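Single chain ahead, by itself, as structure tokens, in the form predicted on its own.
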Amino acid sequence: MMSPMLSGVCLSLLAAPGLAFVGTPFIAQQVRHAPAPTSRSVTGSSRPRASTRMVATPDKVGTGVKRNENFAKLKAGYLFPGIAKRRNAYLEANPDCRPIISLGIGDTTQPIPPHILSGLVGGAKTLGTKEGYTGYGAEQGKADIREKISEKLYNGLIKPDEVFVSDGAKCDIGRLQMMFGSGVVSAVQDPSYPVYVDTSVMVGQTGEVNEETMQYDNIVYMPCKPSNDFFPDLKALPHADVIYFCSPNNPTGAVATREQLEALVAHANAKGSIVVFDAAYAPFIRTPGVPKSIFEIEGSRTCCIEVNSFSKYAGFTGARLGWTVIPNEVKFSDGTPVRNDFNRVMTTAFNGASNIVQSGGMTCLDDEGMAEIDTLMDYYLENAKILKEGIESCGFKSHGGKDAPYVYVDLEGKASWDVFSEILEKAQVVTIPGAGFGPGGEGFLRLSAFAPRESCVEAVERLRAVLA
């Protein structure tokens, strides 16, 4: 029961002109009617009585919070959800079409192998025991998995305390951008994985898009084309504070040689830049002598950061486990170790990777787990070979597909979105238009080898039927 005093206050508020009710588009206003009912005062005089009614007003546009202006610079939605949207629109318009085959997003399709899976299962079961239960872990990752990554994947070239275990390389790229902030100039391969550019925009590093070049001001675009073996001309490169470099590359499938990576490291050390090396596809490398890590290159410990992930290694795209390596020698211009600031980001904005998934990561790095990973890589590389030979039998030239899970198809001047639509409509196969990876990707198409084997074989048959 509301007290008389509180009731009076509420009625006064209700009658206050311009008072808005949260969650509704109405405003309570005091409205006088003529003739108005009268109310008798204690002195016996009468006066018009005010009544209150709800008056509709236009819906509010939003809150009073100003939008982050950097998000308004983003020209389109993130590439891969956009592809899914087009696919779904096609299915809605053609409900009776044959099943669509996806050679698009780089999502793995093979089950997690038994030994690696045992680590996930064991990790989950352990949490169900009083003795084995753990709560929050270290934000940098459990000590045992950091040690095992150092030993098994880097042969001791990096130290365990230089490893930060996370929920994936993509997430870590965002955290690195948070750390670098808006005051740096970033360089990206063109074409490149969209996350590098989009996160640079989000944190405020860039200007607007140049409508003629479709490139953002204040980003250095490094042309990577067949004519330069997909490796930038470092001598012609304007200064960049942070250089994002991916090998094996997404989307081109190009793999940098030792000589190329030596040139990249020498350039970064000479210019005072930091290289963020994306090695997410390193386990696909089979050619002897081709580096799987930037830390195989002399001089890298003073200028390089490496991000990596178990997503492609072991089918952890849904389980989420990755890591970033920052050597103690990499420092900002004032002498502050970069790893110190990244550690602050991790301890502030992250609660650590799942203890269950880290148990799975440990079994990934057992000898049995590494053997299972090799088997998975061989499976997807065979798929890439099938796709590469198939698209070339249709008369197209392609790149990649060796030491990498992506086949990069040269469309000989045709618009990539047009070819994407043609293949979807005629063959019911989803691909990725090169334009989605930046202006340098226009005129190319990316095929992903992560589909099941039978889907890759059928996709080639369909493509031959419509493109040959």
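When you see a residue number, it is the position in the sequence shown, counting from 1. Quick caveat, the model's predicted, so the values are computed rather than measured.
Missing here is the form predicted together with a small molecule; even so, the following discussion is about that form.
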Note: exactly one of 388, 312, 146, 339 sits with a heavy atom within 4.5 Å of the small molecule in the predicted bound form, namely 312
The listed residue (231, 244, 180, 193) that reaches within 4.5 Å of the small molecule in the predicted bound form by any heavy atom is 193
Just checking whether residue 408 would be counted as a contact of the small molecule in the predicted bound form - the rule being heavy atoms within 4.5 angstroms. no
Note to self: So in the predicted bound form, is the small molecule close enough to residue 106 to count as touching (4.5 Å, heavy atoms)?
What the structure shows: yes
| field | 4.5 Å heavy atom contact, residue 200 and the small molecule in the predicted bound form | value | no
Problem set entry | Touches the small molecule in the predicted bound form: residue 216 (any heavy atom, 4.5 Å) | no
Answer among 98-106, 374-382, 357-365, 148-156 for heavy atoms within 4.5 Å of the small molecule in the predicted bound form: the stretch 98-106
